[in-house]
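Presented as structure tokens, the chain that follows is alone, the form predicted alone.
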């Protein structure tokens, strides 16, 4: 890992650490509650087969991890995130619920502290765009997935309609940083989020990246007029 990649990792960890106290509230507020629906739909793509274990990358405050167990009560979740303050916020939720099947771990998605073929599925919600280079993450996920396992990605799109794209861009660059500043006092963090959303590749390019990384099958589908996309990449069963 070169110095530029290390600096980027520290930047991301610091930004999310600063906004951790406001993260859940702002997610729900800024998406008008749609983020709950999007995460539920992501988890519907999860499949358990051999280990009954799921890796939740960029697990943040553990909403996806908790939804995985709600839909798959017999499973367990390794919840990994680069930001310790985010995981600490999420840990309060699972302690209140007395949830022991979620294991939060501070880890880098580019170098996972896991053995080969130890999870049936991996998820990442609104986090893949923060990992550079993404190819390192793809390689690690492939390594830890069991044969036939899935990598399920939830990420922002750009909106499919021309009018919607204009409104969406205005929202990203004007409203998002302003609201983030009003509530969290950190406009830089939400300006960074807007920039990474804008720079993220479309579904066609992301599918090509995943296939080049070694996944055998990739498909995606939009939600909420293309504001978000779910991408599912499958590892060969052989």
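Everything numeric here is computed off the predicted structure, so don't read it as measured data. Numbering follows the first chain given and starts at 1.
From this point on, the text means the form predicted together with a small molecule, which you will not see here.
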Exactly one listed stretch (204 to 212, 44 to 52, 66 to 74, 22 to 30) reaches within 4.5 angstroms of the small molecule in the model of the complex by non-hydrogen atoms, and it is 22 to 30
Just one of 94, 131, 144, 78 has a heavy atom within 4.5 angstroms of the small molecule in the model of the complex, so which one? 131
Indicate whether residue 109 is a 4.5 Å heavy atom neighbour of the small molecule in the model of the complex. yes
With heavy atoms only and a cut-off of 4.5 Å, decide whether residue 86 touches the small molecule in the model of the complex. yes
Using a 4.5 Å heavy atom cut-off, state whether residue 194 contacts the small molecule in the model of the complex. no
Close approach of residue 227 to the small molecule in the model of the complex, 4.5 Å, heavy atom: no
